[in-house]
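Below you will find one chain, with nothing else, as structure tokens; this is the form predicted on its own, and questions on how it binds or moves follow later.
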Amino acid sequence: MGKLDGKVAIVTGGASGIGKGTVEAFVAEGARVIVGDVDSDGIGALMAKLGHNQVDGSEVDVRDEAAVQRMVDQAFRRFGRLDIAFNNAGVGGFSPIQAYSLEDWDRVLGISLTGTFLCIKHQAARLIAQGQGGSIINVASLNAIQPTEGFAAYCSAKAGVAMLTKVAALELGRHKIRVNGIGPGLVHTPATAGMTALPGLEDAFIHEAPLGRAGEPEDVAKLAVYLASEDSSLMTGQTLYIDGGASLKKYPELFGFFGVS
């Protein structure tokens, strides 16, 4: 038996990277999953790989409240219930504060923080109506607690996700809904490929991680399974940092790698 047998999950940003790894891990543990993403081709490829009996897709921009609600409703139409939500959709940006465009700031905050709020809002409403509790997991970041040059919007958004997780846990515990977060450090995904391609940058990350390596999507997915399952039944309001110990040291000085004075 899998740890998630009979459960139904939603995973946003589920077509690649950490989200894809988590969809695969949830299915391996017996869950059926709605994959939410803007990448319809990626959704289709994952459905073909894992099978339509276990996975269905929802093309969604998490900034669009109506689309988020449709995604949540789809879990009930397709699989009859909802038990787990993994709110992973997010995006980064890079600029010195004095040059940061309002458009880019709004994009990062809109997807990474407001999108997470909208997902929690509609997931919680459905879980409350269902009356059987559930587990909501929000993806924050090491950058929720560790400032980084050029990441004003991203650090602010992810710090917001960590606090939103606490508030949601405080409010929803009375409904037996647990809300926790995961704060990854550097993980090898398509989203981080541009950064790790810069000569010396990944080595600088690893130098600041006591365990001496970057993460893989599977590392985060295993923690997601724990938080989704009854193994963590007494845990709520926590953001768990999975960063090889990088939070114990410091973030690499990015301006030097990007040629910013």
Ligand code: NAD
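Just so we're clear, the structure is a prediction, and the values are computed from it rather than from any experiment. All residue numbers refer to positions in the sequence shown, first residue = 1.
There is also a form predicted together with nicotinamide-adenine-dinucleotide; it is not shown, and the following applies to it.
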query: Interface membership of Arg178, nicotinamide-adenine-dinucleotide in the model of the complex, 4.5 Å heavy atom rule; finding: no
query: Contact test in the model of the complex: Gly134 vs nicotinamide-adenine-dinucleotide, heavy atoms, 4.5 Å; finding: no
query: Ile18: touches nicotinamide-adenine-dinucleotide in the model of the complex, heavy atom cutoff 4.5 angstroms; finding: yes
query: Contact flag, Val225 vs nicotinamide-adenine-dinucleotide in the model of the complex, heavy atom cut 4.5 Å; finding: no
query: Contacting member of Leu118, Cys155, Val91, Ala124, with respect to nicotinamide-adenine-dinucleotide in the model of the complex [4.5 Å, heavy atom]; finding: Val91
query: In the model of the complex, segment of 182-190, 166-174, 77-85, 97-105 with a heavy atom within 4.5 Å of nicotinamide-adenine-dinucleotide; finding: 182-190
query: Three-residue site Ile10, His52 and Glu218 fully in contact with nicotinamide-adenine-dinucleotide in the model of the complex at 4.5 Å by heavy atom; finding: no
query: nicotinamide-adenine-dinucleotide in the model of the complex - contacting residues of 92-122, heavy atom within 4.5 Å; finding: Ile111
